[in-house]
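Take a look at this single chain, the form predicted on its own, given in structure tokens.
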């Protein structure tokens, strides 16, 4: 049977692509190598606790890409609970993360002199958004070198960058910080319309428009799956795609470990850096070289199930730790939905960027958690570890982010390695909207 479109991979970007195509009356085949759909947007049970694959805070839920896709294509929509605030934890303090210039001046976790320098740096960075944007490609480290800062403040900055780019301040471009922090509109970087964004320096709410889905991120996957027209979509699990067939520069279908399938349109949601190993016809040499510049970052997630609710996590939101050990971003997900933990208990997810041996990284992560939160160790009754690549391409200095439109006619790319906006599910949703735009321009949708 020949399909109108084949979607390689049933992660969130693949599912959203298949949903959009099928709602446009396309006959779609989804092929997934694993046993489950959803990819990293999946939840599962561990000893009575329901964990996601990594902590998630869904951004841009007022008018962002996921909302646009849900409004147009979902038959049912998950319930979202406001994220509320980001916090910074140290041994001595637990403070709201600062966003406005006034909040930065009052952020007494850092030395007073550094706070003034950071205010000057933020104002200068915002002024650069009124240029053509080329000045924003400098690394955060190099940009901050014009300001005299203490080691503590430099460590704080270096802890923030990995959670926005996956890399240190030496590899994170300035534009990524401005977008990730919400100071600059993700789709209008460098536009003179950004002048109005200076008002955010006085009124910015960092957690505005961010939420967590009731039932875990799996709720988004289930809603997308439910919305797929059953008469137009086939799903094949545990069937790795081994090749993408190309003739005369046009895609013709895919081969798998079990069979081959024909289609003049293929949406590939796997790692784009692996594309040269998948395509059975030569890609342009310069494109192959560009793909080698894609950089990825591994993340370790540590989920802790607590015997009872603890005061350290008596809030709605998430927190950052940057003192001793490895920086983490943590989120008590059962505060958003009590059904994610057994009655009276609590579930907290911690995310770390990692580079070393996994066994060593696990120990380091636990040491950091129990150093930051010594009172919770006796409350822990469940430990669960995950290793994943949450962003398939990190937006870093000298990196490469490919377009959803590949050099091969009919072959489109989606996922967190084909868009620079936001992170996680939101970034994947941006990539799907971009892909649909190219399809319409090509006259195939």
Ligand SMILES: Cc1cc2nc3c(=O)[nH]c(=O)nc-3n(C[C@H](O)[C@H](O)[C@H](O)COP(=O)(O)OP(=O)(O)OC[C@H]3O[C@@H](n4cnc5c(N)ncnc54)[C@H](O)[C@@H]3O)c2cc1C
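Residue numbers count along the first chain shown, from 1. Being a predicted model, the structure only gives us computed values, none of them experimental.
Omitted from view is the form predicted in complex with this ligand, to which the following refers.
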>> Would all three of 32, 40 and 426 be in contact with this ligand in the predicted bound form, where contact means some heavy atom lies within 4.5 Å?
In response: yes
> How about residue 12: is it within 4.5 Å of this ligand in the predicted bound form, going by heavy atoms?
Replying inline: yes
> Should residue 278 be classed as touching this ligand in the predicted bound form when contacts are defined as heavy atoms within 4.5 Å?
Replying inline: yes
> Might residue 317 be said to contact this ligand in the predicted bound form, defining contact as any heavy atom within 4.5 Å?
Replying inline: no
>> Within 4.5 Å, heavy atoms only: does residue 99 come near this ligand in the predicted bound form?
In response: no
> What stretch, of 372-380, 24-32, 43-51, 405-413, brings heavy atoms to within 4.5 Å of this ligand in the predicted bound form?
Replying inline: 24-32
>> Quick check on this chain: which one of 327, 78, 270, 342 has a heavy atom within 4.5 Å of this ligand in the predicted bound form?
In response: 270
>> I need to confirm a contact call. Of 229, 111, 240, 249, which residue comes within 4.5 Å of this ligand in the predicted bound form, counting heavy atoms only?
In response: 240
